[in-house]
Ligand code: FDA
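Next up: a single chain in structure tokens, the form predicted alone.
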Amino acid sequence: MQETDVVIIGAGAAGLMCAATAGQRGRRVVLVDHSTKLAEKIRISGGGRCNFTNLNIHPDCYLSNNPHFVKSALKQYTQHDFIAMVYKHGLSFHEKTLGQLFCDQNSEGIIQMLKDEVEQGDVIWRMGTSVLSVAQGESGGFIVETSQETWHCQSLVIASGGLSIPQIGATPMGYEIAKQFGLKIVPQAPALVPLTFQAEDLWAELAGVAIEDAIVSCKTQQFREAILFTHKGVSGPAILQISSYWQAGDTIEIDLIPDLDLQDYFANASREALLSTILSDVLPKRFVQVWLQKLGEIKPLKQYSPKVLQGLEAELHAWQVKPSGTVGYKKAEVTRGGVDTDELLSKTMMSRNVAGLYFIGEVVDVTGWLGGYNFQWAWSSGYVAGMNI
């Protein structure tokens, strides 16, 4: 059995940040991951472009059973702290919509930066190494048996991620370890994920059609971004965002023409023009053709009654959709639910009842919005644990 101060299980975003922080403090750290490829989730994020944080990080942009839990970590390590690290390594970035920051050197730049930070702390790497068992040591600390060797450590950090994207190695290990030590788990579900319709609701001919500006609402939450029709239902940024709030049986409402007074628009249009031609100036032509099929034959504007046109506007502003489900973890950006935040100390990420046991990143019941928020949670929670182990 070998001795070390810290074992971190999971070399993703949170685990790398934690290892770098603790190692540079002089802690002896072993970083274990079952994958031979480092930080695959960072690598594929944003299509490889890596939306590494957001300028508008705020606690209200996170879902958790305890909405206050994220405040301490986000305050201790902010988006500006991570941006400073990006600058320090000579990387550049650009801002896209809604405060999203993308690395000009793509995800490989961010991964190399984190790897360099970890190596500055003389961390022992154990990639391609399975964790066989975890137990508390008789004299304190923890015993971690791996496929390579067995370690005795004083602090154990679980950064093994959630269930999303199993094709790159996601496993439920983190939840199983939490249960082993008696921690409560909030039920998990796919989040930031496309929604599906019932088969009879599918408009196959709309697959691939995008509406660039829509407001999608569910209960009291709403997002204004693009939506995309798929063969199975709807996707796009606004749908991914609302999916974190949607639960089975909920109806979502979509405003397809926000800010547009359609009656005024019709009043200024040619009465002789086909209704489809008029609407195609504000909505995709293929969408208009399919939508108007419900009205039967497409006619000139003058042949529709005011009541029909008013009904059309009402439906376009408040299209009611009841999704049948989601496409699942395979296409989900993150996992909703996880280790109950009531079990953890928000200032350190340590278990309230098991000294030296920490949980960080996606394995915790914290889910951020789309747009760099989940990476910032990984950086912040990893840093906080790294400063306290």
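One rule holds for the numbers: they count along the sequence shown, beginning at 1. What you see is a predicted model; the values in this text were computed from it and never measured.
Just so it is clear, the following notes concern the form predicted in complex with the named molecule, a form of the same protein that is not shown.
For the options I44, V354, L345, V327, the one in contact with the named molecule in the predicted bound form, meaning a heavy atom within 4.5 Å, is I44. Proximity to the named molecule in the predicted bound form, taken as a non-hydrogen atom within 4.5 angstroms, holds for one residue of P300, G169, G137, P284, which is G169. Contact annotation: N51 falls within 4.5 Å of the named molecule in the predicted bound form, judged by heavy atom distances. Using a 4.5 angstroms limit between non-hydrogen atoms, H34 touches the named molecule in the predicted bound form. In the predicted bound form, the named molecule sits beyond 4.5 Å of every heavy atom of C18. Proximity of I9 to the named molecule in the predicted bound form falls within the 4.5 Å heavy atom cutoff. Proximity of A13, E362 and Y373 to the named molecule in the predicted bound form is complete: all three residues have a non-hydrogen atom within 4.5 angstroms.
Residues of just one listed stretch (330-338, 22-30, 346-354, 66-74) have heavy atoms within 4.5 Å of the named molecule in the predicted bound form: 330-338.
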